[in-house]
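Same protein, same chain, two forms; see structure 1 and structure 2 below, as structure tokens.
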Structure 1
């Protein structure tokens, strides 16, 4: 882990933190960022909780201007959108650097306030451009995600719980298993699934069977 203070960053430098659990990928991204004029990497770590702990132990002046964030951790929990929302409220810009294997999670993090997304398959030039764009207050989105979001016009808006219920149920879970995973009663879980069906029916896309739900969830990017 590498950390620094505002004094170390110096005047005229953007402070950047990197969260990536794969060591080689993290070192590669850190190397790219450190090579950019006006950018100083003040923290690098394996997980978002690591960053939150580092922030809690330091001063407000040491907080990064930008967080380059991988969403998935192989040896722990994936990123919690609520934590991202809190960081954004504290003034930290968030750039997602993702393998794009979970579009639902990317979408939730965007809702939480992230303003940039790049794929790990994108070029170094794109990663640098995305970093500078987000630091400058702009938005950056990888082409494949932009194309996906552009197809969302006929997809009804679901609440977070309805979306989670859809993903679980369409993935093969029973209603009882959905209820357990969401921490709600069976009747509540069934209500979430019924609401999903009703919203799709209202959008002209009726879902009559569990197979219909699975196919639609896959087509709409809820399932990987």
Structure 2
């Protein structure tokens, strides 16, 4: 499909960018990647905005093939799924390197187009394998996330608004609070929640009450 985007492995090298806010961990990750044949680390940064700025400054040909992205949510700094979506659209593959602290965030980034997830607790061999797999166009999932992907079957696909509504509602918000937070009318928020229920019911997991939603949202990784 993306036959237009040229530099997939220019001069036999994959171009990799690393975004990770912890210096030590970043150094570690970078050194592991550098040691890999055919891999060139073209950017190291603390945050996604840094990377975006760097991309804007450089030529299109300098764009990386892969972004190894940490998902630490310390200091209020979070990763914006929309930014990830943009990068993916630009042909950059995304590998999440995470502590799995926030399952919902991992989900969002995955939905934004990331094609791999490794845990920092995984072995170096696993990290390398993940990098190779994602660069090759494949998907890579840590064992820790396997259980959730395995259950993906009986978990219905929710739309963006439905998921946001579920998260808020299942956290204890009233319908009115959900509506306000989403910037829609009460009836609309109600519809979202109703549709979540319908979808789960269609998947053979009827959720009637708010408590059911809370329990399920937790079990299915929508809440922490």
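Owing to the predicted nature of the structure, the values given are computational and were not obtained by experimental measurement. Residue numbers count along the first chain shown, from 1. Rigid core: the largest C-alpha set superposing within 1.5 Å between the two forms.
Engineer: Two copies of the same chain, shown separately. Which of them is the form predicted on its own?
Structural biologist: The chain shown as structure 1 is the form predicted on its own.
Engineer: Using a superposition on the rigid core, decide whether the Cα position of residue 23 changes by 2 angstroms or more between structure 1 and structure 2.
Structural biologist: False for residue 23: its C-alpha shift is below 2 Å.
Engineer: Does superposing the core leave residue 32 with a CA shift of 2 Å or more between structure 1 and structure 2?
Structural biologist: No, shifts by less than 2 Å.
Engineer: What is the C-alpha shift for residue 201 between structure 1 and structure 2, rigid core superposed, to one decimal in Å?
Structural biologist: Residue 201 C-alpha displacement between structure 1 and structure 2, core-aligned: 7.2 Å.
Engineer: Superpose the two forms on the rigid core, then give the C-alpha shift of residue 218 between structure 1 and structure 2 in Å.
Structural biologist: Spelling it out: core superposed, C-alpha of residue 218 shifted, distance 3.2 Å.
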